[in-house]
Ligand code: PGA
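What follows is one chain in structure tokens, specifically the form predicted on its own.
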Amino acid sequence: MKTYIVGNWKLNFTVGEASIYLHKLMKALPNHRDMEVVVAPSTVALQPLSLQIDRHKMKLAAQNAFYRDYGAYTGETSFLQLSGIVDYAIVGHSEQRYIFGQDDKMIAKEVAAAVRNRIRPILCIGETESERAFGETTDVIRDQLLGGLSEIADDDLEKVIIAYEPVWAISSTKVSKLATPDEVAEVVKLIRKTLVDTYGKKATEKVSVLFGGSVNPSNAGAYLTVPGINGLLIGGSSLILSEFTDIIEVAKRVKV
């Protein structure tokens, strides 16, 4: 299976800044046969960057999109409109869940819309600090996972990438707030068991699982060695050229 290194730029970079950064990133990256490097700029930058990007070296992802293909939905961008521009889309990120109020029902529709429009969804799931403290991690992970997958056929399951992002570990600079590899391994094992129990081993063996949560060059290797992990979803470090390329090099040594 491929190793995925996905950089989520969130609400950073103007279109011009994104173009300059992408140019530098492409110059710094060799082709990786067994690795997929993906970057997710803001929506306004996707179309111009799609004309600039070398798709042999990396691919584009949307940070979010709306599940309807067209209609009276002011301010939204559909997966249909993104088709041909991006290859991937981040769906159900915790910031969409907890800041903008997306629920599992809407997220399931977005996953289905992405698949329908030949865009691979990266379905983000993860528990908050309070949910973990109250012992609710298992229920939250199962609900978000199965809820997000509820509107696609079993045959399409392998088109979905799952990203475990514990909300309590995102954007943290404190060691005490970082998820340990053992903690990640426990949840990844739960994710894969839930998939097998629900869909069967054959339908789920090609499903990739990523980890995201304050990943940086120092801890990337440890997370990539967690059993069942196929790559990383990276926030802050994806905005710093040297850190992002260092993580890619770590991944190349560990996984390829």
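As the structure is a prediction and not an experimental result, all values here were calculated from the model. The first residue of the sequence shown is number 1, and the count goes up from there.
Here the subject shifts to the form predicted in complex with 2-phosphoglycolic acid (PGA), a form of this protein not shown in this document.
#### Entry: Contact test in the predicted complex: T3 vs 2-phosphoglycolic acid (PGA), heavy atoms, 4.5 Å
T3: no, not in contact with 2-phosphoglycolic acid (PGA) in the predicted complex.
| query | Closest heavy atom of V215 to 2-phosphoglycolic acid (PGA) in the predicted complex, within 4.5 Å or not? | reply | Because a heavy atom of V215 falls inside 4.5 Å of 2-phosphoglycolic acid (PGA) in the predicted complex, the answer is yes.
- in the predicted complex, does E110 have a heavy atom within 4.5 Å of 2-phosphoglycolic acid (PGA)? Close contact is absent here: in the predicted complex, E110 is far from 2-phosphoglycolic acid (PGA), nothing within 4.5 Å, heavy atoms only.
I'd like to check something about I170: if you look in the predicted complex, is any of its heavy atoms closer than or equal to 4.5 Å to a heavy atom of 2-phosphoglycolic acid (PGA)? Within the cut-off, so yes.
Margin query: Only one of these stretches, 93-101, 181-189, 136-144, 77-85, has heavy atoms within 4.5 Å of 2-phosphoglycolic acid (PGA) in the predicted complex; which one is it?
Written below: Heavy-atom contact with the partner occurs in 93-101.
- Between 222-236 and 2-phosphoglycolic acid (PGA) in the predicted complex, list the residues on our side with a heavy atom within 4.5 Å. Heavy-atom contacts within 4.5 Å come from L233, I234, G235, G236.
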